[in-house]
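First comes one chain, alone, set out as structure tokens in the form predicted on its own.
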Amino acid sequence: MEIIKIKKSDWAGGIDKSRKTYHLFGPVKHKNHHIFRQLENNIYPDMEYMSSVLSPKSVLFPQSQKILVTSADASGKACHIFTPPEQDHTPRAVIGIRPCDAKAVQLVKLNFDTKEYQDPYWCSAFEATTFVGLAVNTPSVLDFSTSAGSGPFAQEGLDVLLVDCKDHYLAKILSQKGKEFLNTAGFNEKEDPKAADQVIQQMKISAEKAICSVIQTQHLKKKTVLELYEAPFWEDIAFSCISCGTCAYVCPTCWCFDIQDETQGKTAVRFRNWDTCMPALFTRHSSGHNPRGEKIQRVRQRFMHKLKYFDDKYDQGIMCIGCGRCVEKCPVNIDIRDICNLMNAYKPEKESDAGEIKGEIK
């Protein structure tokens, strides 16, 4: 284990040095919130931020991405042949990513990088990226990451974990990628690893104790799909949903996309764009048939995928990292924490004498 001390007075200079080798991405203030974006010269990551509206997943999975191009020009060699556009494989570094968002990248990786299929755009971007995390000293009231398989000081998916110690950062090196980034930035003042790690552990314990929001997931794995699929509470959950898709767009682990072709003159471009399973159009077939035409079916699909199907398929826990973005941004206050706890505690009951099945959302 190697831990580097980075004085905040040296921080900007190190960031500038790293620009010569890396494309940098980080949190910046935008109006009344923070967003992750590429850092141009003289722009530095705002390391005082609490949370970003969107996670940095767009660094690997852009909201709109050109994936193929072709031409109808008969004089060209590639006429009517789709070819990938030239890709930028310059090393990149995401600075200030929260530990739970880094965990989300690992969950998304299970979909884009498998033994059978590797998405070339996502995988090449992932290989080129170094994740420099920033521990959360003061979790928000919506943070339930510790019960969702992550935490304010979690290390999974990170190459470096930065811990804010007022006038300096302690940088815990977690991979060779992380070590190379710190060397490039000129951060090489070593701390006594044992003493520094004790400081980090104490801060970790304090941050985890500050999290008061939790979910229960221990029974989800044992429940059958049909048991939850046919539960009577889905209609109550779906009642207020307006199918806006906000929950999907702010979610760090959502990976749904649509393919769209656009033409201009004799040139055609195929784009991949973020999409969401919440509107009816998402599953509508060209025949007009829609297997999830009703809102209740789409709401049930979203939460069953996040909390049941994903774990059944990958055995990696739920498809949620407890960041709280969907809870904060949902315009009708649908709360994944309540739904998770409801699914976890649900027990099918036999029909009562009145012929009704019990089960409701509070």
Partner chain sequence: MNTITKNIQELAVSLLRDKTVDIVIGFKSGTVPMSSVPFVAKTTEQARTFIWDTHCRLNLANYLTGRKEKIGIIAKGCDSRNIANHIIENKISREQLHIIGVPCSGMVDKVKIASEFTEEIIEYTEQPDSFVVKTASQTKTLLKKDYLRANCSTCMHPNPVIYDQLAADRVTEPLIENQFADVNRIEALSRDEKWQHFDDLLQDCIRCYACRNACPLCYCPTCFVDESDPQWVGKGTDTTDIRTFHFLRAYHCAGRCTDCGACVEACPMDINVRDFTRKLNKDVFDMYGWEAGLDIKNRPPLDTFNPDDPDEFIK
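Quantities reported herein were computed from a predicted structural model and do not represent experimental measurements. Numbering follows the first chain given and starts at 1.
Below: the form predicted together with its partner chain, not depicted.
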request  = Consider the chain as shown here, without its partner, and state which of 79, 141, 214, 123 has a heavy atom within 4.5 Å of its partner chain in the model of the complex.
outcome  = 141
message = By the heavy atom within 4.5 Å rule, which residue out of 112, 234, 257, 249 makes contact with its partner chain in the model of the complex?
response = 249
inquiry  = For a quick test of understanding: in the model of the complex, does each of 17, 165 and 192 have a heavy atom within 4.5 Å of its partner chain?
reply    = no
inquiry  = For the interface check, one of 127-135, 285-293, 80-88, 241-249 should have non-hydrogen atoms within 4.5 Å of its partner chain in the model of the complex; which one?
reply    = 241-249
key: 4.5 angstroms heavy atom contact with its partner chain in the model of the complex for residue 313   = no
query = Does its partner chain come within 4.5 Å of any heavy atom of residue 273 in the model of the complex?
reply = yes
ask   = Does any heavy atom of residue 42 come within 4.5 Å of a heavy atom of its partner chain in the model of the complex?
value = no
Contact label in the model of the complex: residue 300 to its partner chain, heavy atom within 4.5 Å = no
request  = Enumerate the residues of 299-335 that have a non-hydrogen atom within 4.5 Å of its partner chain in the model of the complex, in sequence order, or give none.
outcome  = 327, 329, 331, 332, 333, 335
